[in-house]
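Heads up, the chain below is alone and in the form predicted on its own; it's given as structure tokens.
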């Protein structure tokens, strides 16, 4: 990544304590604690950093440490028992109720009295947005939002509301007690190495910048597919759907990074200003044009490798008449000088053939006049392929002549992948948590980014909410419904499923 201004992982020389609300939940157990442990193992977690878990279980510090150690062992994260022992000493547990003011007063006393827990505080809301308001109010009552005692930062997870109105309400709740400078809206997708590398790819290579516009690029695809269905997330997912869950947040952020203008510096506000300009330039989708720009579907029973897969309506907690989409595709246009007329296709789906995230950029066809008297019927266009997961890589597809006397071509790939074997890759959450400690908001969402992303998808959501009689289906284990190709502007457009 390009060099950023140096930041201190402390608060006025004081260490940070990370307070995790929802410390016994899935997010903390599966993502946050493994990420913090990895940071510790690679020497990136400042020595004085402490972690205070907040939960309703009547645990002592030793109880939580034993549970965390068992979880890390079960996940295969422990290579060095000494490292693990050192990490566990950072962990403390506070028994409390999120709706009980006295629990927060006791937390304040605990932090004041616990050796090494004074100084800056990071509050991580690993809980549902419904309890943000009482948490913020109780923190304020307990004096834990007072920055005269040290830095105060708050980290919140998506979803940032379920539409633009609820996003406004959620934002007002946070801003009653915290400033925008203190709020870190985390999108773990932006912590992936390849996503960050997009900035370097675009702005550190003069080779690409002259081609990065409507004169040379035919269209852009941003795709995220998962082999898993919804599992046990039926209660949440049926009220969200693929458009809210993936496109409104992750994929629109990817679009902004791909399409943004060069910022004047790597200052967080400069970068985020350019991303907002992109989101504001997306052509609004009117209610009458929703079906020309958006498509939804739901996975039905299917097979993968001879194994029968359940349909969405077979999953636990799903109503039998649900029309919630598990597959969503959009066609968007960015009406500015650089991108006018270039379609951006965004697609996400569950229970698909493979789990894969990638950006596929197709360039325009070259002029054909030169090869009109050769066996070449049509020269294939160039592609720039950016793999995000499971493999982080970068490839360019080019045409070369085949062996022999005839004038024929074949496609070859130039591999510019930046990962090396044996290279330590920080978990996405680990990289972002480190940025929180550093106070670097570059890869976190500012509220106007959230607002404009909701403006893009809100007309679609409102139209779909009143169309409850029918939804297309696709077999679980497939690449989605063929009818989704109706969004394409040209007959020679097709989904790039592979690198």
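Positions refer to the first chain, counted from 1. What you are looking at is a predicted structure, and each value in this text was computed from that prediction instead of being measured.
Below, we refer to the form predicted together with a small molecule, which is not included among the displayed structures.
J.: Is every one of 345, 362 and 489 in contact with the small molecule in the predicted bound form, taking contact as a heavy atom within 4.5 Å?
T.: No: no residue has a heavy atom within 4.5 Å of the partner.
J.: Classify residue 158 as contacting or not contacting the small molecule in the predicted bound form by the rule of any non-hydrogen atom within 4.5 angstroms, answering yes or no.
T.: Output for residue 158 is yes: heavy atoms within 4.5 Å of the small molecule.
J.: Residue-level question: is residue 389 within 4.5 Å of the small molecule in the predicted bound form, judged on heavy atoms?
T.: It does: once the small molecule is placed as it appears in the predicted bound form, residue 389 has a heavy atom within 4.5 Å of it.
J.: Do residue 132 and the small molecule come within 4.5 Å of each other in the predicted bound form, heavy atoms counted?
T.: No.
J.: Residue 233 versus the small molecule, in the predicted bound form: is there a non-hydrogen atom within 4.5 Å?
T.: Contact check for residue 233: yes, within 4.5 Å of the small molecule in the predicted bound form.
J.: Please name which of the stretches 222 to 230, 172 to 180, 137 to 145, 103 to 111 has residues with heavy atoms lying within 4.5 Å of the small molecule in the predicted bound form.
T.: Among the candidates, contact is made by 222 to 230.
J.: Heavy atom within 4.5 Å of the small molecule in the predicted bound form: which of 92, 296, 331, 250?
T.: Going through each option in turn, the one that passes is 250.
J.: So which of 153, 192, 272, 185 gets a non-hydrogen atom within 4.5 Å of the small molecule in the predicted bound form?
T.: By the 4.5 Å criterion, the partner-contacting residue is 192.
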